[in-house]
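Let's start with one chain on its own, the form predicted on its own, as structure tokens.
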Amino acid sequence: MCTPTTIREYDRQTPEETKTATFGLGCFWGPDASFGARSGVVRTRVGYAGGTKPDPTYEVIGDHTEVVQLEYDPDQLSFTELLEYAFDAHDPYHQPNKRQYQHIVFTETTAQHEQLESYLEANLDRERLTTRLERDLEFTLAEPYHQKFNLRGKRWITDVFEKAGYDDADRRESPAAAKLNAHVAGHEVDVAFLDDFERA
């Protein structure tokens, strides 16, 4: 069973030096949980990107797409490995009609762009590819009720975060919340993390 102390300790042990990756893979709740389960992913957040409308919201999303943004430890996980996971999670040759749920891979640095080009060259047919590839990322956070969606209504978890002194923003950025959100969604989370909670 998790406790406020367990959550705070887990969050304190996460690496300070991380890199960021952002993907549009349909409704953002699923990717938020599945990426959160991966070893090396430190934290996740969901939001809107890929459009031109200023200040998108869920109610008025305009031409933006739902995306998941994650921070990862480059000593444990490479951007290429994240690309493999992202492309396995969707059909790169079929693009949903509704822009809100389209498939997008963002590259935020020259190194990420080069890794994407290498991955595409080795693994996909560029002529048939419909996944959008974008370099200019303007990310807008989704509303608090969309963050760590699988934890909503799980009072045995959310109460612990409240007792630990976490507000909505703290919980959104919490590495422990990312792992718990994945676990509650039914994903296998690394054993060491689960053991930490079971021992608490």
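Residue numbers here begin at 1 and follow the sequence given. Predicted model, so just to flag it, every value in this text is computed and none were measured.
Heads up, the form predicted together with a small molecule isn't pictured, but that's what we're talking about next.
Colleague: Out of 133-141, 171-179, 158-166, 24-32, where are the residues with a heavy atom within 4.5 Å of the small molecule in the model of the complex?
Modeller: Heavy atoms within 4.5 Å of the small molecule in the model of the complex occur in 24-32.
Colleague: Ok, His146, Arg45, Arg38, His64: which has a heavy atom sitting within 4.5 Å of the small molecule in the model of the complex?
Modeller: That would be His146.
Colleague: Is Tyr101 part of the interface with the small molecule in the model of the complex - any heavy atom within 4.5 Å?
Modeller: Residue-level check for Tyr101: yes, a contact with the small molecule.
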